[in-house]
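Here's a solo chain for you in structure tokens, the form predicted alone.
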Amino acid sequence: MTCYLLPIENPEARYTLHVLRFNPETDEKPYWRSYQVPFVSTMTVIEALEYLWDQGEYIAFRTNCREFTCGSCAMLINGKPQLACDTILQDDMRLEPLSRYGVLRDLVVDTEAIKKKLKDVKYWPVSANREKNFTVPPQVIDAYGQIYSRCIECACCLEACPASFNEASRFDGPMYALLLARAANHPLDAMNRIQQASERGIWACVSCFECADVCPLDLSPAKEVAKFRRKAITQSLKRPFTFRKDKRYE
């Protein structure tokens, strides 16, 4: 990420940025406040917030790009969950905190609920006794490199998922389904992940692919949900069954 030295000289334009502010210690409710920001080519939302901070406008936000915790700057940008470090600044943008979690201050939300669920459901391989010499299929290695190891747990997909918003569905959400698939495909995992996925609400997924649309890394947790459901159905049939191929699920 390019960092601009402040103050910015010779801006190409001046944009208006609207931020939903809230300090629970002093404010009764959130309120909108607008700021003027000088724009230069490829300037991102996170850089605009850094500029405002440098000017004495202390808007609370998270950014840890240099500390290997990518994904912490997720927020609602014009109503859509996105990473602030990966979104080019535009005029009249509206910034809000993610709506699924309590607001600690301004654009910073409480992520303890995410961490707790990760711990409670055990989205990591539970080791089994295996022979010393065993092989891992190439497709599993590819899946880890291209899919499972790339999720940055930014929670953008959780914000976009309509099924996980419905408390009656008890669906953990697409991010957890993807992490569960990562554990299920680990060669040393011994848990019955198909049963666990069912218990965590995968049947409530409506296959809208909103999770894929908002994922900053172009991952598609809905595909992993479909794979879990296919395996569960096949096991219940207790006979070989071939599903029709669909590009959306492959």
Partner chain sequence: MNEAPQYPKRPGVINRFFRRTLWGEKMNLGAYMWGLQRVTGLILLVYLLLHLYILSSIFGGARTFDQTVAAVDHPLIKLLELGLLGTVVFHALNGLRLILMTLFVELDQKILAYGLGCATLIFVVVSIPFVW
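Residue numbers count along the first chain shown, from 1. Just so it is clear, the structure is predicted and the values come from calculations on it, not from any experiment.
Below: the form predicted in complex with its partner chain, not depicted.
Colleague: Among K115, L118 and R150, does every residue place a heavy atom within 4.5 Å of its partner chain in the predicted bound form?
Modeller: No: none of K115, L118 and R150 comes within 4.5 Å of its partner chain in the predicted bound form.
Colleague: Considering its partner chain in the predicted bound form, which of N78, Q139, Q146, S127 comes within 4.5 Å of it through any heavy atom?
Modeller: When its partner chain is considered in the predicted bound form, the option within 4.5 Å is N78.
Colleague: If you check in the predicted bound form, is F209 within 4.5 Å of its partner chain, heavy atoms only?
Modeller: Because a heavy atom of F209 falls inside 4.5 Å of its partner chain in the predicted bound form, the answer is yes.
Colleague: K223: heavy atom within 4.5 Å of its partner chain in the predicted bound form?
Modeller: Contact check for K223: yes, within 4.5 Å of its partner chain in the predicted bound form.
Colleague: Any chance P97 has a heavy atom within 4.5 Å of its partner chain in the predicted bound form?
Modeller: It does: once its partner chain is placed as it appears in the predicted bound form, P97 has a heavy atom within 4.5 Å of it.
Colleague: With a 4.5 Å heavy atom cut-off, would you call A197 a contact of its partner chain in the predicted bound form?
Modeller: Looking in the predicted bound form, residue contacts with its partner chain do not include A197, since no heavy atom lies within 4.5 Å.
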